[in-house]
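The same protein chain appears twice below, in two forms, each given on its own as structure tokens and labelled structure 1 and structure 2.
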Structure 1
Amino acid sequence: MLRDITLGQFFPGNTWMHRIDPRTKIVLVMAMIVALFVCSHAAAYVVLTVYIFGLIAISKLSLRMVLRGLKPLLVIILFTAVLNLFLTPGDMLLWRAGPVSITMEGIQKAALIVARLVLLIAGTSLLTYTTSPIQLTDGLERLLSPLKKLHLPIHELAMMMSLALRFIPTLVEETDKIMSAQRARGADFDSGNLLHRAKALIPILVPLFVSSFRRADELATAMECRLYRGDIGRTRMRQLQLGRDDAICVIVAILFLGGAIVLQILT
């Protein structure tokens, strides 16, 4: 069922991590991504793993939940890992069959890829699990607000993003409903070749499009009724404020991420 996908979802809570300013979290996730791509050495990865899973523990997210988020991407992870495993040329040949070979370098590279992707997903889902979409877009909007001076539509983009996030669950639910309705009329989404399957989607996509347009139209009217006029003269209920916890968060991040990078450079 579509509703079982947990990747990118927000889990309401009141942990320390939930209370950190979204701007801090966004910046730190960026830093984490950089660190993950800069580092390739095992020692550095141990540090990064401790850091990320430590934060997950602090946020009281169950490990099962986080790993479940990996599920939709499992195929991609395995695919890239296998590709790297067999196709990396190297000196330490372990096994060979025609053009395919396994080398020590291949094993290392595959392991690195798996670790990198798993940590990447776990780390970013830490952000989405503990930050409400509205805080997320709020944070992004404020981080990017200097760009408004260049006449970039930052507010509009943030609003679009937050509306998209608001309607994802609604549309997922609706897709589920339409799929069930068409299944009840004998639709078969799971068999046949690619073309056949693509065709089978039409009875879902057409109603979904029609209803999305209707929703968008009604939503636009409702927003106008509530005096929405873009960014002009808008205030916010929730003021973002950086505090002591944000400072702690940044210091911890510098220690771990910086430590990992230093290890990488030294070894």
Structure 2
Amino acid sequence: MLRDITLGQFFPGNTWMHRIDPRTKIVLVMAMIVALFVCSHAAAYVVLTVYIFGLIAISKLSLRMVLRGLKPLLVIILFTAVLNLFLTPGDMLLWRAGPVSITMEGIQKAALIVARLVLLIAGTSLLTYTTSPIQLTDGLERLLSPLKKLHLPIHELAMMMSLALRFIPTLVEETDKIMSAQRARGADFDSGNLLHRAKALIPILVPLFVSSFRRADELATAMECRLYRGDIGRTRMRQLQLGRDDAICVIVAILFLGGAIVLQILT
């Protein structure tokens, strides 16, 4: 299960999506999230599905790998769908057993929640799949640069966010190694009641926290040795510039996201 977590991983490439300015991708991801929560009609979600999975195909990412990233959240998705299925009231009753009932409105609501969460995870993961941590930091910093007038530490915030994403795969790998080592010593994480399983996690959490703090200290030392001083006197090897690819991407996004919202309004 831990190996299925792909959030924060970057897959290098030279596709159209990899070449787009990170600021464009961040803004369009925000627009996609808004469209997903605004729309609730089936026709609108068909358009959004074509848009998101079309971008995945253009990025030359494995669909199996993208769907694999949904496995760690599968329990949450199914739990949310079941709650909406049985607790949504409606006029068209299909089944009832005491206080629990299934209505046509409940089925539609559950299907909407599943589609929304799947598209949300797949679409937002596409940002980290096609954007390196350095580009992501620069893009966030440039987008938030107007807030510097309010004396907010924009560079530090962008750096922390990108480092947090960057270290998710590292912590997942470290957790997998610790669990394998504990299993080799006879630890059992899958049997017993909930309290027993919670106690079994202590031998994992303690070394994981120790390893995380050690990595953070090593990273801080490495940054100090390289005379890192935040945004003071900082230059960039690659300057961000908006180009033709960004304009095409924005036009495509407007057509699909705008079309989905128009379908939502008209239907």
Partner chain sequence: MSEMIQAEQLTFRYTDFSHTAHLALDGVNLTIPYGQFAAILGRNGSGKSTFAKHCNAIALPSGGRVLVDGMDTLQPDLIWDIRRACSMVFQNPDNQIVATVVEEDVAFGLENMGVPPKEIRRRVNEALHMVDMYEYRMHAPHLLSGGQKQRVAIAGVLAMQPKCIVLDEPTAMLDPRGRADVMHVLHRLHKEKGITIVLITHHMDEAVQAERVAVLDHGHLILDGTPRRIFVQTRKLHSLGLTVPQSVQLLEALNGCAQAGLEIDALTVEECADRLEVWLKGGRA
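Counting starts at 1 with the first residue of structure 1 and goes up one by one along its sequence. On a predicted model such as this, the values are computed, not experimentally measured, just so you know. For clarity, a rigid core is taken as the largest C-alpha set superposing within 1.5 Å between two forms.
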>> I want to make sure I have the labels right. Is the form predicted alone structure 1, or is it structure 2?
In response: 2
> Which of the following, P22, L36, A110, A158, is found at a hinge in the chain, given the rigid-part motion between structures 1 and 2?
Replying inline: A158
> Based on C-alpha superpositions, what is the rotation angle in degrees of the smaller rigid part between structures 1 and 2?
Replying inline: 6
> Cα of E173: shift between structures 1 and 2 in Å, core-fitted?
Replying inline: 4.3
